[in-house]
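Here you get one chain, nothing else, as structure tokens; it is the form predicted alone.
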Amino acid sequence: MTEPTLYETLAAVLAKEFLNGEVGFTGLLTGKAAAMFGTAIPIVAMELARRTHAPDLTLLLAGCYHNPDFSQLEAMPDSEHDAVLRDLSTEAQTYDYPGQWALKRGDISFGFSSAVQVDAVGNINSVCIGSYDKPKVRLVGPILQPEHMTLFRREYIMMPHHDRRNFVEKVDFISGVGFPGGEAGRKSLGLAWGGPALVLTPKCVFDFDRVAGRIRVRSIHEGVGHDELRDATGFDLGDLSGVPTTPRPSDDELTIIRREIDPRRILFSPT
């Protein structure tokens, strides 16, 4: 078996987080890097979970396609309303979003967000860099991040880039709320559940001390040094001496990804 890629490794890490019977929501992001981290890796992770330990997991694509058959794809569509996606075989399609699941009841188990900034308490920003009234850069906007970070039971933040400008002590604008003040802080905002569970990047995996409301490094990817990680991060990472290496996918997991889920490399395209 050849060496696992970063994308395969992150998909295997995510797959182990999902439980049988859960409902996972992902959209169809555009742009090569964002689409890989925000769409392709989550799809492969959910399919891997369905083929291993969570056969009753529901992959809810764009809120209306239930467990699509991705093996029929010739290429990834670039729109959630693309006819290719509309005509894909699924277990079900719904006209409304998200069908029989109620967001305010917490029916969606988990979702995925990408952003330009993540801060030390897990807030995310995809609205602006600089002040809101006079921004240096106006970004794409919140795109359902407020709902993902408050109404879903948990959220996985998928960051295609890991630089100091992405991982900051405090975001310039909060488009999705993390753990300001920890779990008590979320409760004071009227939020009974939810928030970011993991942040996955090309260099490491973060999780959270939910009581303290602080991000922490859960694992560091193979080949990434402590100094490299600190230099690329704009907040204090603490003591990294006991942080393990991100686990590789097993040979069985790689076989499932390469031969069953993505045999034609549509999702994990090399180009």
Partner chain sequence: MPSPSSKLQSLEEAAARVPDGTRLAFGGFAVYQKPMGFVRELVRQGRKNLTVVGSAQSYDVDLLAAGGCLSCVETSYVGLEKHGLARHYRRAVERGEIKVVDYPEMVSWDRFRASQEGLAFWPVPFLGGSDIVRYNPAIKPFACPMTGHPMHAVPAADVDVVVIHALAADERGNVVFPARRLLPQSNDVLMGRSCDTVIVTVEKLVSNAFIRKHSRLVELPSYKVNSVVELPYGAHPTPALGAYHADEKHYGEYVAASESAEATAAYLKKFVHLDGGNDAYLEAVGAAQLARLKDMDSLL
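As the structure is a computational prediction, the values presented were derived from the model and not from experiment. Positions refer to the first chain, counted from 1.
One more form of this protein should be noted, the form predicted in complex with the partner chain, which is absent from this view; the next part is about it.
Across the options 96 to 104, 67 to 75, 194 to 202, 160 to 168, residues that bring heavy atoms within 4.5 Å of the partner chain in the model of the complex belong to 96 to 104. Under a 4.5 angstroms non-hydrogen atom cutoff, the partner chain in the model of the complex lacks residue 117 among its neighbouring residues. Mapping the unseen interface onto this chain, residue 92 falls outside it, with no heavy atom inside 4.5 Å of the partner chain in the model of the complex. A residue is said to contact a partner when one of its heavy atoms sits within 4.5 Å of a partner heavy atom; residue 30 meets this definition for the partner chain in the model of the complex.
Contact check for residue 135: a non-hydrogen atom falls within 4.5 Å of the partner chain in the model of the complex.
Heavy atoms of no residue among 56, 211 and 219 are located within 4.5 Å of the partner chain in the model of the complex. Contact annotation for 140 to 156: residues with any non-hydrogen atom within 4.5 angstroms of the partner chain in the model of the complex are 140, 141, 142, 143, 144, 146, 147, 150, 151, listed in sequence order.
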